[in-house]
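Quick heads-up: it's one chain on its own, the form predicted on its own, in structure tokens.
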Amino acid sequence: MALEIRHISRTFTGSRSETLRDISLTIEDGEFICIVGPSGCGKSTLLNIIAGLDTASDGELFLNGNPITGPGSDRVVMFQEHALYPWLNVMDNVKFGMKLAGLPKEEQAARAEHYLKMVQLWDFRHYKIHEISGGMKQRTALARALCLDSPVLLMDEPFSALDKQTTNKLRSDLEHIWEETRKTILFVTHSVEEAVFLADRIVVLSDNPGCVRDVFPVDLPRPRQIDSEDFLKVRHQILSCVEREVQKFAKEEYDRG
């Protein structure tokens, strides 16, 4: 058992309603979990609480039986924005977190080479950040996250700002990396297609406040074909669930008006 989320709720100061209410999940070692739901349902808030960047108003979190009370080296976050340092080249950006962690230079070099080759950026290691594409920047950020060798990788819509072709390539790359590293991944996305492509299980959050509406296992062989009949069937099932939540929220807003 890797990660336990027990009855997590979150209410922000000054808000009249909860952002999250009574979220409970158990995520096993090596699982790939995607979290989807309407905009504003608290997906990113939940990820930030798991990362230790925000605190729950109620509930508890445990990783391998140990309580999560703040940020830790056992969890690493990759955000929508790559947050790379423009004055450093690709290699130095990848090494940055390892330097802060105090790893020996030889270990930094070995890990950086390993993961830059894994994300197919070794030949670009001396390039400055402004010299590489958006997709390559996200791969650099992914290599940096992987170099910290945390068992849990938290990803908050990392591909949402990229074009469709680049996104499809990075999805496939991430799937291969996950299969090789077997890290536990929690991946927040607005794209149901992306969730079905990547996930072992998909968690659908309801809106106003964010609760676990449903959890869908994705029992499809990998690599998944987004135009296959079985893929489209699962996608439609989950999309219908998300759309019901959107319509429900819109009706409640109208009824209050």
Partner chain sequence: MQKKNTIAAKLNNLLFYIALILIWQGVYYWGTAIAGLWKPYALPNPLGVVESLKKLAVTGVLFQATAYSLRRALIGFLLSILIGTVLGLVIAASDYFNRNLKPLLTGIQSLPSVCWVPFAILWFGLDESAILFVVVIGSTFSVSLAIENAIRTVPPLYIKAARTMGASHLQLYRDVIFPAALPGFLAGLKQSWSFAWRALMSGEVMSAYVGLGYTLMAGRDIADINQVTAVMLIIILVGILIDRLVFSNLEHRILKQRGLV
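Residue numbers count along the first chain shown, from 1. Just so you know, these numbers come straight off a predicted model, no measurement behind them.
Quick note: we don't show the form predicted together with its partner chain, though the next part is all about it.
Asks: Considering non-hydrogen atoms and a 4.5 Å limit, which listed residue (L84, L170, L103, I132) is close to its partner chain in the model of the complex?
Replies: That would be L84.
Asks: Report the stretch among 113-121, 180-188, 91-99, 159-167 that approaches its partner chain in the model of the complex to within 4.5 Å, counting heavy atoms only.
Replies: Heavy atoms within 4.5 Å of its partner chain in the model of the complex occur in 91-99.
Asks: Since only the chain is shown here, I'm wondering whether R139 would be in contact with its partner chain in the model of the complex (any heavy atom pair within 4.5 Å).
Replies: No, R139 stays farther than 4.5 Å from its partner chain in the model of the complex.
Asks: Quick one: does L53 come within 4.5 Å of its partner chain in the model of the complex, counting heavy atoms only?
Replies: It does: once its partner chain is placed as it appears in the model of the complex, L53 has a heavy atom within 4.5 Å of it.
Asks: According to a 4.5 angstroms non-hydrogen atom cut-off, is M155 in contact with its partner chain in the model of the complex?
Replies: Outside the cut-off, so no.
Asks: Would you please decide whether V76 lies within 4.5 angstroms of its partner chain in the model of the complex, comparing each non-hydrogen atom pair?
Replies: V76: yes, in contact with its partner chain in the model of the complex.
Asks: With the distance limit set at 4.5 angstroms and only heavy atoms considered, check whether V36, P223 and R244 all reach its partner chain in the model of the complex.
Replies: No, none of V36, P223 and R244 comes within 4.5 Å of its partner chain in the model of the complex.
Asks: Relative to its partner chain in the model of the complex, which residues of 59-73 have a heavy atom no more than 4.5 Å away?
Replies: If the 4.5 Å heavy-atom criterion is applied to its partner chain in the model of the complex, 59-73 yields P71, G72, S73.
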